[in-house]
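Heads up, the chain below is alone and in the form predicted on its own; it's given as structure tokens.
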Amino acid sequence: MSPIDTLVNSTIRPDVRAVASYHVADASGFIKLDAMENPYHLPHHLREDLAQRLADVALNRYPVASYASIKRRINDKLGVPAGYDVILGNGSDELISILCMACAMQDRRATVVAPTPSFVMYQRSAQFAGMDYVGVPLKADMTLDLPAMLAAIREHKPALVFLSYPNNPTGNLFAEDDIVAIIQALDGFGLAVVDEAYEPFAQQTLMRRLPEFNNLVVMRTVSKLGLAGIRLGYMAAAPRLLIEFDKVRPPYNINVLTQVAAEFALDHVEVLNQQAAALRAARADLTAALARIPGVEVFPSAANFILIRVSNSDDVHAKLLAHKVLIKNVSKMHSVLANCLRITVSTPEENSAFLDAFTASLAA
């Protein structure tokens, strides 16, 4: 064994050594339909105004640690109930990590429960925080298995239950009554974290219900709304909980460029809402077009992506790559996703190019 291998083995946790890094595909030269991004830019005149604001940022100074200005805009424009506040994160990923670090116990193994398949960072963040993770499989039709979720809660008494709403990668909305049943089942010992990353496309939210449940946390991101490049997430919860979560948040975790860009975008949030509406319409068109193709099973989606099943996902995915179209092959994530592919909804032009390449791949 080499000296560096000896060093790694003696200093890095075995479970960390055993997992692969989170993989992000190189999309250079591809029609990029793999990451649920908004394909639209800000209008030209707004980009000019934004450029000036960014040019005026004091890059030599740390951010204002309270982030009061951007938080005020989020509270005012994005539906946070009166009397509630938010914590900001470097994307949803950091918020998930903050939650896990805050809830991981030193005297015993705390547990995270989530439906599976779902967003992979729930499991990874739980693992890296030293928590146990219990995945509760979805039903074959991708819907939530509520009795199994409630049984897992009774057995494991989890500190955290993550619920992606709509779910990624399946795209469907779990029934709100089922989510409320989970929140109530956790009362007194666990937190229900409702991840509303795709709320602009679902237009369904539990944010309004925060005052009803002390153990409800609602998490969102501006990435899917059209600002993936600035990496900003936020979560709202009972003020007493936010005090504790904020102790775990790294100081200055949101850089000044992100803050200014987000403030500017929220000052013009109607533009982003119009883009989300266009993507919802495009989702309906793309869903209908896919459903007309023989041999393609299309699952209902309330997000900005569509999950489909084909006879051989690996073959179709490879042929799409040859056509320079990048989508996500999720068929290996879980048995319920066998032969499934996930396609981000994009502009009419990119959706049409995808359909042409997809039908050609099936024919081949």
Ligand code: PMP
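So that there is no doubt, residue numbering starts at 1 and follows the sequence shown. Every value quoted in this text rests on a predicted model; they were computed, and no experiment measured them.
The form predicted together with this ligand exists for this protein as well; it is not shown, and the discussion that follows is about that form.
**Q** Only one of Ser97, Thr258, Thr221, Asn172 has a non-hydrogen atom within 4.5 angstroms of this ligand in the predicted complex; which is it?
**A** The residue in contact is Thr221.
**Q** Which of these residues, Gly135, Gly91, Gly79, Gly130, gets a heavy atom within 4.5 Å of this ligand in the predicted complex?
**A** Of Gly135, Gly91, Gly79, Gly130, the residue with a heavy atom within 4.5 Å of this ligand in the predicted complex is Gly91.
**Q** If contact means a heavy atom within 4.5 Å, which one of 172-180, 109-117, 193-201, 275-283 is the stretch that engages this ligand in the predicted complex?
**A** Flagged stretch: 193-201.
**Q** State yes or no: in the predicted complex, is some non-hydrogen atom of Ser125 no more than 4.5 angstroms from a non-hydrogen atom of this ligand?
**A** Judged by the heavy-atom cut-off of 4.5 Å, Ser125 is well away from this ligand in the predicted complex.
**Q** Does Arg231 reach this ligand in the predicted complex if we count a contact as any heavy atom within 4.5 Å?
**A** Judged by the heavy-atom cut-off of 4.5 Å, Arg231 is in contact with this ligand in the predicted complex.
**Q** For the stretch 326-353, which residues lie within 4.5 Å of this ligand in the predicted complex by non-hydrogen atom distance?
**A** Counting only heavy atoms within 4.5 Å of this ligand in the predicted complex, no residue of 326-353 makes contact.
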